[in-house]
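Shown next as structure tokens: one chain only, the form predicted alone.
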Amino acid sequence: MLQRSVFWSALAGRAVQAVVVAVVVGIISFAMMQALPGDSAYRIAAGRYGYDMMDAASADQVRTELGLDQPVVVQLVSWLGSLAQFDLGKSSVSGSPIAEELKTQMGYSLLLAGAGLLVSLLIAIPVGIMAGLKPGGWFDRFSLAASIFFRAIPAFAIGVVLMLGFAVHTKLLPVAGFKGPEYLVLPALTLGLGLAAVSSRVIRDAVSEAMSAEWRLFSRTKGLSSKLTLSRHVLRNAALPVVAYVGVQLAFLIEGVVIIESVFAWPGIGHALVHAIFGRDVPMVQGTALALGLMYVVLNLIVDLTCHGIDPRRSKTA
């Protein structure tokens, strides 16, 4: 009963947050697009017909068709009204339903985000545990230096270096795009290195604190071996702050997805967002920004429920 109430409480809280995110993201993205210099109708007409075929008449036609000549407030209210009916509208450039385009793009973005998170955990967990078991040792100092190095370098710079090393010069992996699993390696590694740089230190601190806790010493006096103490007590207690930090790191994950998709021409939401901004495709910008914001809310809900499930204190009182 307690578990069910916690689930519905978390779900209700995140549902309210999703509504707020949808409204705020839509308004902010709309306002930012309106603040850009130049005539949106000309850019949209160029995206539709090409710069060579675009003229003032085609721009006027686009302006009338899309209602760009209406007051800004009217345009925003119209979009919010459509959103209330779960209608994201159509792309101003391609004319395709935004929901259909996002459905495909979201799959690629989630694939990249999941692969990057998996790579970061495969790196951060063993590195963090080894550093936390012997804090102050040579491996701890080395991992700290590596963490600072990879965290200080922008994600796009790491991506360019990996692209030059593994794709351009050695030709071991493809450069960009997506035509198979091998195209996922470099983007996921780029995203995972940035995430692991910080999460490995969080794991290190959690393991180090758990190793020095009184309950850990008590478990040893009961006769448990070092391996059993580590697996049954230390790692589970250390997992809670690590999983909680993953929720904080989701913002960097989503930000990294947008940047890395642009670098590697990955066909996801981030790549579509950048192209929509350049093309002044306001409905597409609002739709992609909304999808990224809601993805952040959903992932945070998963983190909340995971933290509740692995919390040792709850298992003792259950």
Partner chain sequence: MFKPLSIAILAASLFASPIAFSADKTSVKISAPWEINSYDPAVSGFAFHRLQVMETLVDADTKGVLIPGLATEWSATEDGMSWTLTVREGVKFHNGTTMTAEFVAKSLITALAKPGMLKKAPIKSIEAKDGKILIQMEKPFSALPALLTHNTTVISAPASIDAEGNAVAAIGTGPFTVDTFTPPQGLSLKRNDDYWGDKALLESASYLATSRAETRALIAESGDADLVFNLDPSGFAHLKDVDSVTAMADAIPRVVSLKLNASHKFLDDARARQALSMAINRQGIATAITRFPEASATQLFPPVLSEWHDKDLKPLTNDVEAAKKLLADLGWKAGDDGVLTRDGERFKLLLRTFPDRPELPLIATALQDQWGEIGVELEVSVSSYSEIPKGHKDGSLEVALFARNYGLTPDPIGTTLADFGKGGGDWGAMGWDNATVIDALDKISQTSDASVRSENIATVVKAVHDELPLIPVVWYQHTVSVAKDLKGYVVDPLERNYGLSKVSWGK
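Numbering follows the first chain given and starts at 1. It should be emphasised that the depicted structure is a prediction, and the values quoted were computed from it without experimental measurement. Superpose the two forms; the largest set of C-alphas matching within 1.5 Å is the rigid core.
Heads up, the form predicted together with its partner chain isn't pictured, but that's what we're talking about next.
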Indicate whether its partner chain has at least one heavy atom within 4.5 Å of a heavy atom of residue 55 in the predicted complex. yes
I'd like to know whether residue 283 contacts its partner chain in the predicted complex, with contact meaning heavy atoms within 4.5 angstroms. no
Does any heavy atom of residue 178 come within 4.5 Å of a heavy atom of its partner chain in the predicted complex? yes
Considering non-hydrogen atoms and a 4.5 Å limit, does its partner chain approach residue 94 in the predicted complex? yes
Can you pick the one in 99, 129, 110, 83 that has a heavy atom within 4.5 Å of its partner chain in the predicted complex? 110
Which residues from 262 to 291 come close to its partner chain in the predicted complex, meaning a heavy atom within 4.5 Å? 262, 263, 265, 266, 267, 271, 275
Could you check whether the CA atom of residue 192 moves 2 Å or more between this form and the one not shown, using the rigid core for the fit? no
Core-aligned C-alpha movement of residue 47 between this form and the one not shown, 2 Å or more: yes
CA of residue 72, rigid core aligned, shift of 2 Å or more between this form and the one not shown: no
